[in-house]
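Next up is one chain by itself, shown in structure tokens, the form predicted alone.
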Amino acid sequence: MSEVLIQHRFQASRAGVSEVPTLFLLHGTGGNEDDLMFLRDYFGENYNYLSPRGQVLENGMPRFFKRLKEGVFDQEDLQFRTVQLRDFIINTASIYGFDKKKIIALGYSNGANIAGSLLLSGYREVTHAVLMHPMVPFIPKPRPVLHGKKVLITAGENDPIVSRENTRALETLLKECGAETTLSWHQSGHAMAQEELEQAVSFVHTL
């Protein structure tokens, strides 16, 4: 494992860094490490918040991995960036003192896709996940064992980027791997909706 220096933000819980879960916030295309920090106002102070910036630029916009075109991912780069992000979790856990076995990934769009890739790669660092408007990042062979992991997928019924078929395929794939997966639709497009934020808070608070 190499040291991974990624620009990020970390906000420690007032309840004690090592005792509480860490929300691993993963922004969408064009975002940065500040984009999802507003979620502290929703989830509260009993979590740590770790938010990295994607290391790939597409027309000047940060992303977590390269794509060949809309909806077609560069699989080689996806694999490399997934390993890199896993190393980042391990390294920052040693720096800040949070428990790397208590990670809840919360990703939106491109961030949800890299979170899904971490799950499907079988890395234990992601305990549970909230995936907002994700796609199937890749088909793992063999399937990882995800028993004990809980995943919430939120999706827009009118999403112009992610098809319903792709969303349902990801749900099926995660269930086949043993993850307890919930799929929640809302009447919106690809943008993050208030309804799904509220669903995410309810989901995380039950973990």
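No experiment lies behind these values; they were computed from the predicted model shown. Counting begins at 1, following the sequence as shown.
The following text describes the form predicted in complex with a small molecule, which does not appear among the structures shown.
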(message) So if I measure heavy atom distances to the small molecule in the predicted complex, which of the stretches 176-184, 150-158, 34-42, 58-66 falls within 4.5 Å?
(response) 58-66
(message) How about Glu165 - does it come within 4.5 Å of the small molecule in the predicted complex, if we only consider non-hydrogen atoms?
(response) no
(request) Tell me, yes or no, whether Ala93 is in contact with the small molecule in the predicted complex, where a contact means a heavy atom of each within 4.5 Å. (result) no
(message) When the contact criterion is heavy atoms within 4.5 Å, does Phe88 count as touching the small molecule in the predicted complex?
(response) no
(request) Flag Leu120 as yes or no: does it have a non-hydrogen atom within 4.5 angstroms of any non-hydrogen atom of the small molecule in the predicted complex? (result) no
(request) Using heavy atoms and a 4.5 Å cut-off, decide whether Phe73, Ser109 and His190 all contact the small molecule in the predicted complex. (result) yes
